[in-house]
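Shown here is one chain on its own, the form predicted alone, set out as structure tokens.
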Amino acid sequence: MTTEPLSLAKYLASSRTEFTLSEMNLYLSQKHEEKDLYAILKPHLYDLSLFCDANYRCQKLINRPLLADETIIRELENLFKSPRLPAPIEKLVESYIENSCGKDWHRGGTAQVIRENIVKQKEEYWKGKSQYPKIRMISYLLYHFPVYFCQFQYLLLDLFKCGLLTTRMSFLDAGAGPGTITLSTLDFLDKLQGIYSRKNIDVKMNIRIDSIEKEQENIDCYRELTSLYLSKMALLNTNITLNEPVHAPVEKAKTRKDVDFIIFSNVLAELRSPPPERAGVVERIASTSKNPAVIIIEPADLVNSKALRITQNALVKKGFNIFSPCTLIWGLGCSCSDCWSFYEPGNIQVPGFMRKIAGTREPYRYLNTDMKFSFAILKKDGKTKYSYEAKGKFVRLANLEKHIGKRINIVASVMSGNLGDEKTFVFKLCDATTSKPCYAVLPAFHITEQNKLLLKAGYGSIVEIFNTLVRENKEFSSYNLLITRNTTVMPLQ
């Protein structure tokens, strides 16, 4: 009978800051081994706000931001300078592929079928019709999984630096597939705990992860990969509650209440509904939570990237605010429906299993290492990554038409990496006032101490640019802001 231990644990959790599982036997009608009590309580530790360690000592966990001083951030950033799949996860994925397709999966006829599916899957994905039955999921693991896994950790790193990650967090992996986002989250937290441990910092975490997935094949893979990975994690200071995936489409699935982070990773683009209507799917799932951070990730191609911004603007009309990457610099809502903006953290190291399927004939068709994606993080509490209020000394980008051929001052977010080359650096700028694309153009021979900080500005960061020359690019219906030796660039973060 499990109701009595659970009821007692709820009482003790509400009346004490700490107790041991062995103490519970003083009040229970039937005695239990500590390990058995732990097994009974483990699925409920998150809801009880309890942390139980390896010695079965339980304490009330106070929810607070995870410790993120400069040394911890620097060490965590160093781990992502050469992004790659962690060896345990790479091994798990390859073992799963081998168990599904045989030891010679990367040779002969099996390899040929997989390669054909990778190509077909790419073609379908860009059309928003991706499907992963049977061998198609193996193709997904081989081609998409490594990049999607790594790129999500950059968003987690940013959330960590912004103070949004706390000691007690719940995640919803919406459209979970084989567990890409779930595994990425677990690995990120494991890396962070490793840093805390090396620095002798005691930070206890209580984590709950839920998921939604419509394909049974994906759910089976999700269960296997996540359970095997969890069994290999030390988890010395982290309680993980990993719930059974909800087997349903994201459009219809029932979700838990009070989720902290809801992630739609490469999911909304697969829906048949147009971009504005996808906001309704997000709103319904988020409606049962008080103040969730909604994270939407889509490919960086023109169609899907622009569609994401349309969905984002529709969500703003439904009461969400943009946390990042966009900043409403002039305090006005963005109405642009033709925005192509994406983040490029770089390339990941090629996993061994990806190299195997690539083979030697046209290997580039089967190697996917380029992290390039569009994203939006939305909340409902008004919080934004950057707080900035523009003043009258700057010209709004919506008014550039009046200043062609003149030198002006502007303030904007940097919304791209370098779109040019080493001779001419080009960065997309946005202040949320214009529907016409604007670019900062810095010729290499114009680089000075006063303007070179533009080259180091991070995606989404705000810069003030003084004395820039406005030019119109009629061919591409855009504006170029020429950065010269007389221009000063001042990053604000």
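It should be emphasised that the depicted structure is a prediction, and the values quoted were computed from it without experimental measurement. The numbering used is simple: start at 1 and walk along the sequence shown.
A second form of this protein, the form predicted together with a small molecule, is not displayed here; the remarks below concern that form.
Novice: Mind checking whether each of Glu401, Thr468 and Arg471 has a heavy atom within 4.5 Å of the small molecule in the predicted complex?
Specialist: No, because Glu401, Thr468 and Arg471 lack any heavy atom that approaches the small molecule to within 4.5 Å in the predicted complex.
Novice: Would you kindly say which of Ile118, Ala376, Val267, Cys221 lies with a heavy atom within 4.5 Å of the small molecule in the predicted complex?
Specialist: Checked against the cut-off, the match is Val267.
Novice: Identify, from the list Tyr148, Tyr196, Trp330, Tyr154, the residue with a heavy atom within 4.5 Å of the small molecule in the predicted complex.
Specialist: Contact check passes for Tyr148.
Novice: Within 4.5 angstroms, counting heavy atoms, which one of the listed stretches 269-277, 403-411, 198-206, 162-170 is next to the small molecule in the predicted complex?
Specialist: Comparing against the small molecule in the predicted complex, the contact stretch is 269-277.
Novice: With heavy atoms only and a cut-off of 4.5 Å, decide whether Thr180 touches the small molecule in the predicted complex.
Specialist: Yes - in the predicted complex, heavy atoms of Thr180 and the small molecule come within 4.5 Å of each other.
Novice: Taking heavy atoms and a 4.5 Å cut-off, does Asp158 contact the small molecule in the predicted complex?
Specialist: No, Asp158 stays farther than 4.5 Å from the small molecule in the predicted complex.
Novice: Is there a heavy atom of Glu213 lying 4.5 Å or less from a heavy atom of the small molecule in the predicted complex?
Specialist: Looking in the predicted complex, residue contacts with the small molecule include Glu213, since a heavy atom lies within 4.5 Å.
Novice: I'd like to know if Pro249 sits close to the small molecule in the predicted complex, meaning any non-hydrogen atom pair within 4.5 angstroms.
Specialist: So Pro249 counts as contacting the small molecule.
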